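For this one, two forms of the same chain are given in structure tokens, first as structure 1 and then as structure 2.
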Structure 1
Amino acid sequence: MVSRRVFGLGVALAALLVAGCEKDDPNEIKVGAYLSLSGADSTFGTDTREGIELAVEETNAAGGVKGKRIRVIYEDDKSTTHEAVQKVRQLIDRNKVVALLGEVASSRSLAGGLIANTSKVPMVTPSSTAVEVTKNRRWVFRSCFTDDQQGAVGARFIWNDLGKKRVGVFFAAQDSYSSGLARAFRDEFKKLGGEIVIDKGYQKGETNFRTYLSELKAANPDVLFVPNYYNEMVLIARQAREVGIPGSMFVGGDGWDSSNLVAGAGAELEGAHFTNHYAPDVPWENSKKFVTAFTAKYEHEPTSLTAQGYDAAKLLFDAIERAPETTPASIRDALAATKDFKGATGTMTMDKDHNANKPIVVVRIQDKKFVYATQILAE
């Protein structure tokens, strides 16, 4: 008779062996996802993962892809570009994934995308909007709009909908997302006839914005355009209140989308607006279906990142289904041929630069909640 202890050891050993030299399961298709599941932008990663999980669950419940189960292997890049590079290498070399999902932040999609591109493994970023992310990268795609489009829409919203003409711009100078979006905004706002009365870049990682905010206020703008991420925006909004800048003066971009924004500075940002991929109450049929399915599983509202993660995963699975073979090259070609794919965040057609053109939603912060304000078509 085998003693319980020896048996237990045997089981542990077998488990170790399985983990060490993972056998390929012929009934499974492996996809890698690299995300900021911890660190400075952790809600970007965890929100996106929830969306991907729902997409996987629905897809597998409906028979999988090419009759096989989809398995997504998640890796945490801890919100750093260095780890993003390592994780992408690991997913490709060790796990032999056929395609990648990730990242959210443009700086990390740029870094991870370089590896995907040179390794010839297709990657779909759900939410990275900086123009360079897909530029000249044959293997990198996005299921969202670009900052050229988003910046222009922000400018048109301020000019046409808010009817404001004097704007101050405040952005994170060394961040590809923030500085690129600020640039696109300025170009369009000036074209419309608007005036940029003050333009300031801060260093990423700064926490005391009071001197900047006093200068911004002294320039007497009607609106402040602040295209940054939610964690910095919480500090800026709180300090803005101290110097007497009302929340309704702020307009931002999709980087604001986090429940932490309203949890941290909901009152300070009352009446502010930002351009986004989606809003929980956006009047689109597919979005409503998604919100219902999501809230049934998770018992909380999805953010835009969740919807984007869901769409990127579904768009990728659809491409794998259409690809003649389950190889990275075949999947790449199928991704490039995506046409009228109906997602929760709009209908997507991959253009020649691998960008999905979708309407851009404007969200208003009202009673510490994100509410749909309007939608504007990117040009």
Structure 2
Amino acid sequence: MVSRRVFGLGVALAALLVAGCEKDDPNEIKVGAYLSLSGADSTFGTDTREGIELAVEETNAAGGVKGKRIRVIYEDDKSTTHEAVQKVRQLIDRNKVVALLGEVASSRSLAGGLIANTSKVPMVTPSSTAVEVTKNRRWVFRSCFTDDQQGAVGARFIWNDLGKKRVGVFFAAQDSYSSGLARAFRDEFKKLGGEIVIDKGYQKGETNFRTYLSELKAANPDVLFVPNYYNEMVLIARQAREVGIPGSMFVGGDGWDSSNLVAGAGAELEGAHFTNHYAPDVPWENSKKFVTAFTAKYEHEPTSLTAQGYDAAKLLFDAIERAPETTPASIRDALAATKDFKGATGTMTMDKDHNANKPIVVVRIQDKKFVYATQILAE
């Protein structure tokens, strides 16, 4: 008599063999996507997936790519770098994908991108902004801006658009995103002739900012540049009101992009600005079409991450269409040659470092909503 345990092992082994022997469909092109679909950053992954799925649906409805259907194979990296590495290996070695989409977080794109680069499979990240993600990696691309570009644009917005010359900088000292963005901002603002009247770093995980805020106010800056994440900014904004700092004095980065920011401190941040990849009311036509299609499919407004997922997928599909062959090397070359691609987040051209040069959006917080203020071209 065969034991249940042995029988169960046999079934599992058979399933693995079937998966390993799965035949390729000659009428489809397989693309892999590794995203944080569970874990701490699951909203980032699920928002991005919605954008990718809309891009796939539209592309296949229009006849596919090279007359073939696009099939995206999703893998959940559970918001960890270890899982990201494993999932990228699985997509390349087991599923034999011709290209990859992912990740949102720079730390996971760095880890997964190393495998993609070593394996010589092109990868497009929708939202990872750390400069190192594409640096010296011939097979890794991004459809978003970098932190260096974002920091410089924030400085130019304050100097040129707001006309402010004296700035205070307040950032999370132990956080690479926050400190890196602060550094890029400082460099550009000083180059423009501006004055940093106070420069304060706070401990990551801090919750009481009142002493810092009193010091910042005493330095009498025209603007406070605070490049942190939305959860910390909610606390800072609430406590800033207590010490008499109005919300309109704050300028931040794309880490503010969350509905939780306006839910938690929309009134306190009235009139504040932040640099971002996108806003639902940006004026270009491709974005309007995207918003219309997305809301019809999902019955809610798209987030910035959704728009970036959509653009990364469309950018990749466009490159596959232009590539002479459906091979990783040919697709890589087509991605590198991308010029004036019109996406929901703007028109982009791939530069020599595989970064998408395109306008950076400045968002204003108004009546507890994110609204388009202006766009500034990254340099």
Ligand code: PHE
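Residue 1 is the first residue of structure 1, and the numbers go on in sequence order from there. Between two forms, the rigid core is defined as the largest C-alpha subset superposing within 1.5 Å. Keep in mind the model is a prediction, meaning the values are calculated, not measured.
Colleague: With both forms of the chain shown on their own, indicate which is the form predicted alone.
Modeller: Structure 2 is the one predicted alone.
Colleague: Superposing on the rigid core, is the CA of R210 displaced by 2 Å or more between structures 1 and 2?
Modeller: Yes, shifts by 2 Å or more.
Colleague: Verify the C-alpha shift of A105 between structures 1 and 2: is it 2 Å or more after superposing the core?
Modeller: No: A105 shifts by under 2 Å between structures 1 and 2.
Colleague: Work out from C-alpha fits how many degrees the smaller rigid part twists against the larger between structures 1 and 2, would you?
Modeller: Comparing the two forms, the smaller part rotates by 16 degrees relative to the larger.
Colleague: After superposing on the rigid core, how many Å does the CA of Y177 move between structures 1 and 2?
Modeller: Taking the core as reference, the C-alpha of Y177 is shifted 3.3 Å.
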